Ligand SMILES: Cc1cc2nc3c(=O)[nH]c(=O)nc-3n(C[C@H](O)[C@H](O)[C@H](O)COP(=O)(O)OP(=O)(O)OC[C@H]3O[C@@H](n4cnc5c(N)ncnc54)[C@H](O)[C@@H]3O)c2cc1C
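Only one chain is given next, in structure tokens, and it is the form predicted on its own.
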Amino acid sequence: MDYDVVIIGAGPAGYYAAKAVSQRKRKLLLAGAEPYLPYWRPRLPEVIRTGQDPESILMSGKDWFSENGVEIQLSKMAVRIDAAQKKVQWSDGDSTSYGSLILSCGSLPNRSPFPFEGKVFPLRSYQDAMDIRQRCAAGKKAFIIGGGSLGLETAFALVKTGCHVAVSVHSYPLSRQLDSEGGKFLAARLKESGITICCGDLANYEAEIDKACVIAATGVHPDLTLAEKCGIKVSRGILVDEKMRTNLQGIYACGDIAEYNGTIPGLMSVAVKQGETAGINASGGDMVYQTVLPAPLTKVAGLTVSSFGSLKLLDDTQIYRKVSADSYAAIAVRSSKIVGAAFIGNVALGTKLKKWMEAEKGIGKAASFEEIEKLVG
């Protein structure tokens, strides 16, 4: 069958691409490898805790797709793209012709070296979450490799089910978002909530790992299988321009699979905007992607953690901090401009600082956290 636009991958980027295409009334096929309608992956720790059905975390119900002219096919795996003939070959033997093609195939979990025998569970899909829930219900013990957002949110979800939970980190939790002082503050709060933080070599934590459900939360990498087979240029991800175009005419990419200006942020806000951009351009529109300043938000152990920019302490960087019993804040300043900030607990100031940074406003002679706070209002 022929379609104006075919989208391979029904994650957030693919879903928002489909929304954009549907608004332009094009004949559209959205193909997803999983047996579920598009759902919110950040809510998988919630699934581990509650065991709720996939319908509870869907991005839209089944009716939305039919009402908006989006044909969606689930458990549909693409195995080959013929860019010259503009055809997609599927694992079931069918083939589909397209006018434009959008790749939103997403990413695959990184595999972390594990010095012990036994299964290591990934957490990337709804089924992964249910497998982890079942295993932890039986053993009541979990060991999570990786102290990023996914690892910590999973840890807290499991603690709430009565599991003994340990999390392995290189140096401190959320090391990509926080400075070391913020990491120490968060580690103390996590310990109070019942989560054990393990630093260093996994081989030193055999007792924590023994009989535990071991979960890998060590990040992801783009799934480039299809792209590499058909001549699409890749580096760490599929290389795209400001319109989400690849090097092959009529083929676009967005979300976790796309590399723009040397970066693959892997954040929901980026997937949404890139998906919209790809969908509009693939259906005959003209939209330029405006880079989104990553500002990841994590909720764990009753605390909200927000950050943006960089807190790296370079030679010409000054970090101003404000710490209380239940909150932590840090602002990085370089050449009288805000270059990064992080907040634990009270994150209200973060939105104002982010706007200030995006506008590239200077802070003048402000020389303390309180002065910067007063300046930005």
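Note that residue numbering begins at 1 and tracks the sequence as displayed. The model shown is predicted, which means the values in this text are computed figures rather than measured ones.
Not pictured, yet referred to below: the form predicted in complex with the named molecule.
Taking Ile319, Leu58, Val347, Ala33 one by one, only a single residue has any non-hydrogen atom within 4.5 Å of the named molecule in the predicted complex, and it is Ala33. Checking Met77, Ala138, Ala203, Ala207 for any heavy atom within 4.5 Å of the named molecule in the predicted complex turns up a single hit: Met77.
Just one listed stretch, out of 159 to 167, 222 to 230, 130 to 138, 192 to 200, contacts the named molecule in the predicted complex at the 4.5 Å heavy atom level, and that stretch is 222 to 230. Site residues Ile8, Gly14 and Leu44 are all in contact with the named molecule in the predicted complex, judged by any heavy atom within 4.5 Å. Taking non-hydrogen atoms only, Val292 never approaches the named molecule to within 4.5 angstroms in the predicted complex. Although the partner is absent here, Ile144 lies well away from the named molecule in the predicted complex, with no heavy atom inside 4.5 Å. Put simply, Ser104 is close to the named molecule in the predicted complex: some heavy atom of it is within 4.5 Å. The named molecule in the predicted complex comes within 4.5 Å of no heavy atom belonging to Leu186.
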